[in-house]
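Only one chain is given next, in C-alpha cells, and it is the form predicted alone.
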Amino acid sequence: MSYQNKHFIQNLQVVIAVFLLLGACKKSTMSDVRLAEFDPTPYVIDFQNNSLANPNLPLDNPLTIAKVELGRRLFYDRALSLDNSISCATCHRQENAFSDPRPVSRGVGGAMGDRNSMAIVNMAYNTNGFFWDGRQTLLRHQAIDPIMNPVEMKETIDRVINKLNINPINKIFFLRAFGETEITEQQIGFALEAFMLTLVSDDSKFDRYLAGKVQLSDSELRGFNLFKQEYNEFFPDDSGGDCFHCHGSNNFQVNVYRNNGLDFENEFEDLGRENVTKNANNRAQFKAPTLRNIAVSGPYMHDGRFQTLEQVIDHYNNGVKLSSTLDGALQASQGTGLQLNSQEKADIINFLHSLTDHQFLNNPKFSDPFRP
C-alpha cells in the first residue's frame, strides 16, 4: 500500500471516530465520552526505503493509531505549560526536523535555557539515553521532563491533568487510546512516546541513492567518501573527514557520548555527561546526535554556538581544543588538523545536505492537529 493510501486510511479512521462521537456542529459533552470505545488498531510506521532496520519498539507501549493521534495532540497542546503559552512543538518545529532554530530554547515567561533543543528524528534508534547528557533512559520520561522543568514549561503534572480533564474531547482521545477516561502521568508519557516513535525519517536523497532510485552528484559522492574516510596524518591526499566514528550506521548516529573539543579544560561551562554519571572521565561529553536532516536543524552543538555547517566543518578541521577527556579520534589530528581543503569541505557539506528528508519535514501526519 502506498504512503498516501496508508496516511489517508489512518487519518480517516480518526476523523470518522471523532465526528461520530461529537457530531459536526454540536459541542462535546460527557455523554459523547460514554459513547467512545477503546481502539487497539495497530499503527504501522511508514518506511519509504530499506535504509533503516526495523526498530526495537517498547513492548509495554505498543503503537496504535489512537495512541499516536493522542500523542500528536499532546505534543502540540499548549496546556502542558504553566501559562498555556508553549507546547513541545514550540521548541521542536517540524520544518527544522523537530529542533529549535534558536541557539538555546526559551521557556515560559521567556526563561532562557542553556542548551539547544535536540532534533526529534528516528528516536527508536536511540539506545543510550535522551537529552544531550543522557539523563533520561526512556523516551516516555524524556517527554515528561520538560513539562516540569522550571526554565521550560514550568508546570506540574497534576495541573496538566486538571487542564486536560476540563475538555471532554480529551477524555475521548484518552479512552480510545487506553480504554479508560482517567488521565494519568503514565498515559501522557506513553502517548507522547508513541507519537515521537513515529517520527521516522528515511526518504532523503541519500536514502533514495542507497535504494538505487537516484544518483548523488559528483560532489555529494566525494563528500560521502570523505565522510567515511579515516584521517591520515602522513598522506594528506588520502586523509578524510573521519566523521563516521561518531556518526556511523545508516542513522548516522552511533549512540556515544564524546568530548568533541569545543573548549579547553578551564573553559567548560557545561560538564555534560559528568553531571549525570558523576564521573570526571565523562567531563564535557555530550551525545553525538543523528545527522539526518542536519542541514535544517541548526544551530549546532549542545549550546548552539555554530550557526552554519561551514563553521562545524571548520571546527573539526582546525579548531578542536585539547582537554583531558577529548575524544581519542580527535586527539589523533591535534597536530595537523584534518587537512581538508576548501573543495573537500564543500563536498562534505553537500553530502550532508543530501540527508535532508523533505517528506519528513512536510508530512501532514506529524503536523499541528489544531491548525485550521
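The numbering used is simple: start at 1 and walk along the sequence shown. Note that this is a predicted model, so its numbers are computed, not measured.
Beyond the structure shown, there is the form predicted in complex with a small molecule, which is absent from this document and is the topic of what follows.
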item	value
Partner-proximal stretch of 212 to 220, 150 to 158, 273 to 281, 167 to 175 relative to the small molecule in the predicted bound form, 4.5 angstroms, heavy atom	150 to 158
Complete contact of 107, 313 and 338 with the small molecule in the predicted bound form (any heavy atom, 4.5 Å)	yes
Close approach of residue 123 to the small molecule in the predicted bound form, 4.5 Å, heavy atom	yes
Touches the small molecule in the predicted bound form: residue 200 (any heavy atom, 4.5 Å)	no
Partner contact for residue 132 in the predicted bound form: the small molecule, 4.5 angstroms, heavy atom	yes
Residue 93: touches the small molecule in the predicted bound form, heavy atom cutoff 4.5 angstroms	no
The single option of 205, 73, 163, 115 touching the small molecule in the predicted bound form, heavy atom within 4.5 Å	115
The unique member of 46, 344, 327, 39 whose heavy atoms fall within 4.5 Å of the small molecule in the predicted bound form	327
